[in-house]
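This document opens with one chain alone, in structure tokens, the form predicted alone.
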Amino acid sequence: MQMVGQFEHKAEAYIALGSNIGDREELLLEAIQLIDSDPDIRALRVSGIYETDPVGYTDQPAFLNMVIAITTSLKPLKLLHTLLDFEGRLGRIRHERWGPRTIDLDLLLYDNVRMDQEELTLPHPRMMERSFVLVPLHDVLMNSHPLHEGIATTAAAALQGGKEGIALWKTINWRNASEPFES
């Protein structure tokens, strides 16, 4: 982290959200509210909500997926731990890999940080293989981001013809970044 004057540098990060148990939309909105209410995190932009077929373990309900762009003063591992705490507060129980879940919060990108640790790999190692991540990420990714062109191409291909099991489910009328979040 760079220090700027007395204040810690704020990083821009991208978080994927997914839910396929319970009131999926409400759980996504509650997750955004938890994230945005943390004093060290500010939600900047939200994607549309996409309904997606499950991947990996396919004998489960469809997911609602989205991505949010945030700014944060938290370092990557601290941000990850905060997201895991939010998952727990929203009823996430880890039974099986890729299984049903109330909420899933995955840290995809954190500025231009590249790291490969047991607990966290950035950028997210399977991000470029997953239409349910790339399509909503394209909604919120800054045009100036180094991955923008590749993500735009892959996202467009995934939506074309609906072959990838992903469809826009709902758009969110997101607030101005200076207004408080209300669900």
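These figures come from a predicted structure and were not determined experimentally. The first residue of the shown sequence is 1; numbering continues from there.
What comes next is about the form predicted together with 7-(2-hydroxyethyl)-8-mercaptoguanine, which does not appear here.
Within 4.5 Å of 7-(2-hydroxyethyl)-8-mercaptoguanine in the model of the complex, a heavy atom is found for all three of 55, 101 and 106.
The shortest heavy atom separation between residue 138 and 7-(2-hydroxyethyl)-8-mercaptoguanine in the model of the complex exceeds 4.5 Å.
Judged by heavy atoms within 4.5 Å of 7-(2-hydroxyethyl)-8-mercaptoguanine in the model of the complex, the contact stretch among the candidates 124 to 132, 41 to 49, 148 to 156, 27 to 35 is 124 to 132.
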